[in-house]
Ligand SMILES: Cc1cc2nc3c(=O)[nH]c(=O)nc-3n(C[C@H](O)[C@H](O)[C@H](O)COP(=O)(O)OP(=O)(O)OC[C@H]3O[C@@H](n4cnc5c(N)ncnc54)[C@H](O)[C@@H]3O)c2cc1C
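Consider the single chain below, provided in structure tokens and representing the form predicted on its own.
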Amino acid sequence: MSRAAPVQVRGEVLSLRRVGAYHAMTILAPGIAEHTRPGHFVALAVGGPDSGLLLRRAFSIYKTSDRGVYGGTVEIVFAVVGQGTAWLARRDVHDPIDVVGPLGHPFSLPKHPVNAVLVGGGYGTAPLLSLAEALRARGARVDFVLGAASEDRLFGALEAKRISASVAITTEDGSVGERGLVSDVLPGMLARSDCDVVYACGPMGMLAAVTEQANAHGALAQCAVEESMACGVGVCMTCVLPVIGEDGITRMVRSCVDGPVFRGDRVRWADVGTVPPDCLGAPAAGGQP
């Protein structure tokens, strides 16, 4: 399948609703929804035309509809964590939204039926739900492990139960499911489902733990990373992280265009946020090239 070029469109807010601690926004975005695959994201301009908020905000795509009364729509899920997301949360129906997408490399789907475990942390579950539908369409078995700090920060649990063979839920405060982290219950799920591949989206620490457990089980891990992305198109270099290439050489790659989905065993999780000294192009000792 050829990769469609991203487009910039003047979108429009069709709905905005609260989902626990999060906000779910549906945006009219013709030309984007039609080419979206699970794992793609969009970059939204925030703050309005007179704002000092110059950088776009990147959001995983939760759902799409390529047809309807208004045309193609995309839905995103976000938490208010700063001025940009606070501005989004104050939008009204019919407000304009400048959207670029679909962006990034999506999840790779298997050519043959597999046993897949999908692991979501907080609203990181959002892109995994459409992925589950795509996997099931290919005859795959799908199981979920969902985790969050508390019940109000858990996302998509009911939807996950509807479309999967089983769901394990953890919360750090024990408000729902088992008290603890997804990594506490993941090994048991991998064994019970005879897992072949793990798909994960959530905080970096969770992705590192998921990759380690998938490797121990002999399963391949695909991880959608949560790096800060300012431009979304590979220009600003704010979202780089160290990834081992097929040639065994570590390079600083851009999450927005080379990801956000990476093979978990290729990401040097312990070195995220740094430039490892053995990375291609890293400064030599003493800062000399």
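Remember, predicted model here, so these are calculated numbers, not experimental data. Start at 1 with the first residue shown and count on from there.
The same protein also has a form predicted in complex with the named molecule, omitted here; what follows describes it.
J.: Just to confirm, Q83 within 4.5 Å of the named molecule in the model of the complex by heavy atoms?
T.: Because a heavy atom of Q83 falls inside 4.5 Å of the named molecule in the model of the complex, the answer is yes.
J.: M229: heavy atom within 4.5 Å of the named molecule in the model of the complex?
T.: Judged by the heavy-atom cut-off of 4.5 Å, M229 is in contact with the named molecule in the model of the complex.
J.: Would A79 count as touching the named molecule in the model of the complex under a 4.5 Å heavy atom rule?
T.: Residue-level check for A79: yes, a contact with the named molecule.
J.: Given that the named molecule is not shown alongside this chain, does L220 nevertheless sit within 4.5 Å of it in the model of the complex, heavy atom to heavy atom?
T.: Outside the cut-off, so no.
J.: Please pick out the stretch from 184-192, 84-92, 205-213, 107-115 that is in contact with the named molecule in the model of the complex, where contact means heavy atoms within 4.5 Å.
T.: Partner-contacting stretch among the options: 84-92.
J.: Looking in the model of the complex, is the named molecule within 4.5 angstroms of a heavy atom from every one of I27, H35 and S65?
T.: The answer is no: none of the three residues contacts the partner (heavy atom, 4.5 Å cut-off).
J.: So which bits of 30-60 sit within 4.5 Å of the named molecule in the model of the complex, heavy atoms only?
T.: If the 4.5 Å heavy-atom criterion is applied to the named molecule in the model of the complex, 30-60 yields F41, L55, R56, R57, A58, F59, S60.
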